[in-house]
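In the structure tokens that follow, a single protein chain appears in two forms: structure 1, then structure 2.
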Structure 1
């Protein structure tokens, strides 16, 4: 037996137990399953995982870890027409990236196809399953509605011998797709629609990514799931709330097939719903295939791979899942909480650097031409152990266009004619003049600096504004992708009529690309390396970056800047 952690609420990080923890601790106290805790994460490999899956991963692996148990990774690969090895590989990468390890417990539902087939034969022999020749739409119509009984199939009372013969011929490939299905014989009058003779097998002449062409009949999820849990020794089968109504069927199949005292038990929790976000693999696939985004790992996507590419950290997502908690009722989480979690983590670990996204040249006229002064600046004030970095200061620098105003509005504390500001980590400068092009656009600003005001020199001179900057001589060219929320509507899936299309609410400004200038320390930054661009936000080196082109993705702004009413930044 695995060693158990029997800690109570007092050892639960100061928070009360969630309802799943309470169930597990009660099971342990009662010796259920001999004190074992064994969970599983069972994704279908028909797309990339999203933030909702991340919550489930953290929950299943986290509970196993907390109680000294085990967690399996199992692929529900029962529909070969929608599944690909690419998705299998991406799912394994995502689980590992989040920091979890299934060790030697990697399974596939297809591992159990032979056993599931034998159990199907058992149900047919016992008169509990039959082959139905009707098309899917007729079967669906006959099921009726919960408030009145369904209509029994005319094939429901076929003999055992006929059902066995037809099912064998289905397996041998004698019939085309959709010609027949195998159904469980349960109760066509049940108020639970899932108990009205559900389909167990359908004919699909499709090559499977693991079993090849061995099978042309494939089991349904409802028939496969409970038995897979049983075969793996799962104790707590944790699903999202939409599967609550499937639980009686989960138990029915086990009761007909299994003759041991051990049974896995299904428990349901509320799925993760985020505002301004679509979390549906079908709809995410629609965005990818329609080229509304640039693939599953587009940094605007709520996929784990998209969040990783955007600059999110495993710790930020795990902290988010912990803060969201585990509930029994559906609710909508503010995406701002996810953004808070990444800000909190990157504030602690991201080095501070200078980058200018909309460059304006500034000439410091009284600074010696050709001179370069090396300034030693801190890498992260939250973590002095990260040390310092060298930043070159020269006569000509770049600042942001918006940090200069010819005729400043009230409470504008940045640079304008006759006004002084501090260059962060350097000197106080004063604007003495500027130059415009023929279109009236300011192209160059002329300043003087006070050599007695170098940061750290003890100067008592104070100014209200502080600007970031980059030496023009040493600046590194970079492409900066400014990502924002993909949808403008708080609930993009909210119905607006029968033909409602969530894509109508896509944010046209979810990506803006600018050509910026960065300090030279970023020249050799590695893929996915994260930084705080001071005064601008947190940024991550994109995987498109190369020796020829440095590319950054904006992970998140320094503070919340989304105004729901207008969809514009403050």
Structure 2
């Protein structure tokens, strides 16, 4: 793991309590669960984790950490047709990368299949569950709509013996997929749809990523989750708002099996939404499968793996999760806050270097030909302990094309004919002339330097602008991938017509690739190593980078308080 990624989270002492912390502190005061706090993060391994999961991870592991409790990692793997080992692996990697540790508490809902089956038998024996022979569409029809009660299944009042026999035969694989289900016998006229005899087991002749071919009936989420919490000793079972209406069912199933004081309780909070991005797993999958992006870890994706590759640090994401807060109100967070968090962190830890993205050759006509001056520049003005680096200065250098204007707009502090600027860490130069090609493009700029103004020499001369630069002779070629937001619209999911498609709002300029010139110290940078390209932004070495070809991703630009007068620059 990158050294830059290995720092602990903020102390964060002064922040007011969120509503879950308030509940937990109240519980602790009341001696509930003997003061024990035990949470869990329960992903379904059917996709990659995204920034919304990061909020949940930080919440669950964070709460446990804060109150001296524990947090389990539990894979909610009750549907073998959509779950894969690849996702299990990526999820564990992402949770660890964020800096959380489930120690020896790695669990799978599938570990509880035997127990769940026993409890199902118990419910049948007690007349609280029955086998329904009807197809899904009929059951759905009978369930009614939220505003009207449903009707009972004709199979609702089978004898216990018949139910036991049928359920056993379901388990033994005697029936095809969908032929029968086991349902809880609750209340078909409940105003809560989830209480209208919910399905507990369905027949799926499918190989499970862990239990293999042992089972051909699988429990549903509702029949599994609360019991799993119970088996693991979870005290506070935290999930998102859409499960709020499931809570009575969560409690109903627990009522049937619990005969002790201890019982887990479900709490719901509002999931994270980010503007200019989509967060649902389904939509992210669509972007991947439709090749709108280059995989789950494409640096434009809001997945944890995408953010990692983009150059985000675990600390920046944890600070972000902390700042967005936890409440029950629907919310849309400004991506600007995420960007603030990564700038804040990288400003402290990223070494500064020079790289030129759109090179323009500058000849310093009064500098000795063939001479190389080794300048020693600080790595980070925020942190002198990071030391210095050597940067060679020569007669010919590259500067940024946009740092020269033949005819400068007002308040342009950079280079133009007759004006002076400082080359950061080197000398002040004056523009004496330039050359254009037939198309009017500036091809070369001629300057003279003032030998008295060398950095650190004590020269008092002041100029308005300071430029970054790279010696042409020593420059390292690199590919730089400039990312912008993936969507042009604040809410890409907002329906604008009948079949509104979020993909219509993809930003065609979300990725621009340029060939840049970097200072030589960057030649051996490691994958995911992070830098500030001075005056440009924060960049990290992409995983595509190799000895033959250095590749950088732009994580985020520097904050820009000077809006460029004409046209937009990448």
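Rigid core (definition): largest C-alpha set, two forms, superposition within 1.5 Å. On a predicted model such as this, the values are computed, not experimentally measured, just so you know. Positions refer to the first chain, counted from 1.
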>> Two copies of the same chain, shown separately. Which of them is the form predicted together with the RNA?
In response: 2
> After superposition on the rigid core, does the Cα atom of residue 103 shift by at least 2 Å between structures 1 and 2?
Replying inline: no
> Core aligned, does the CA of residue 291 move at least 2 Å between structures 1 and 2?
Replying inline: no
>> At a 2 Å cut-off on C-alpha positions, does residue 413 qualify as shifted between structures 1 and 2 after fitting the rigid core?
In response: yes
